[in-house]
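What follows is one chain in structure tokens, specifically the form predicted alone.
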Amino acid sequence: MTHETPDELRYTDSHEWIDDSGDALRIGITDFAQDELGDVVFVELPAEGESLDSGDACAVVESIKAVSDIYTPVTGAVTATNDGVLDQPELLNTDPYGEGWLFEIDGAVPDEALGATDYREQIE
């Protein structure tokens, strides 16, 4: 199965994506991650203003298969959270790169973030 992997995003080994096109970095889980999880039924997000270090568990995604921690790939302060996924957690399944984003954070894209080609090779 081929998973959607937009070229303009960066990716982590733990299957988060990073969008650096706005004022802050937007973070979410990849199409591959949501597919592995199955139907998402609950999401817990970090608090706005919370300071995070790269690698911190900062969110929780619960599916019919498992409960998974989400790790921030970036050190910084959370500037926004997507309340839409709290009310409609299935957005992580139906639109993981759009309406299913999780949070925004001030910071820089880490050097170890993967480009789309490298991430595709990792998951295929």
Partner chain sequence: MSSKQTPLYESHCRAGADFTDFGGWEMPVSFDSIREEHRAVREGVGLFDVSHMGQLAVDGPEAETLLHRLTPSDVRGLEPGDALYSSFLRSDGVILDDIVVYDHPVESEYIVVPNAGHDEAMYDRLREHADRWSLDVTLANRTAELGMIAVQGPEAVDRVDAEADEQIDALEPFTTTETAIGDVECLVARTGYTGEDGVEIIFPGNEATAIDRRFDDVRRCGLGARDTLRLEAGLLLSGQDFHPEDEPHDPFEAGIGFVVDFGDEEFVGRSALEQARDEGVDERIVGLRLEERAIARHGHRIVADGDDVGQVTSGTMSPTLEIPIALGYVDAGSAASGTELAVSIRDRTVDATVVDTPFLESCGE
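Small disclaimer: the values here were computed from a predicted structure and weren't measured. Residue numbers count along the first chain shown, from 1.
Another form exists, predicted together with the partner chain; not displayed. Remarks below refer to it.
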Would Glu44 count as touching the partner chain in the model of the complex under a 4.5 Å heavy atom rule? yes
Please determine whether Val67 contacts the partner chain in the model of the complex, using a 4.5 Å cut-off between heavy atoms. yes
Using the partner position in the model of the complex, report whether Ser63 sits within 4.5 Å of the partner chain, counting heavy atoms only. yes
For Asp95, is any heavy atom within 4.5 Å of the partner chain in the model of the complex, or not? no
Tell me, out of Asp39, Glu48, Glu99, Asp56, which residue has a non-hydrogen atom within 4.5 angstroms of the partner chain in the model of the complex. Asp39
Which among 48-56, 83-91, 70-78, 25-33 is in contact with the partner chain in the model of the complex, heavy atoms within 4.5 angstroms? 83-91
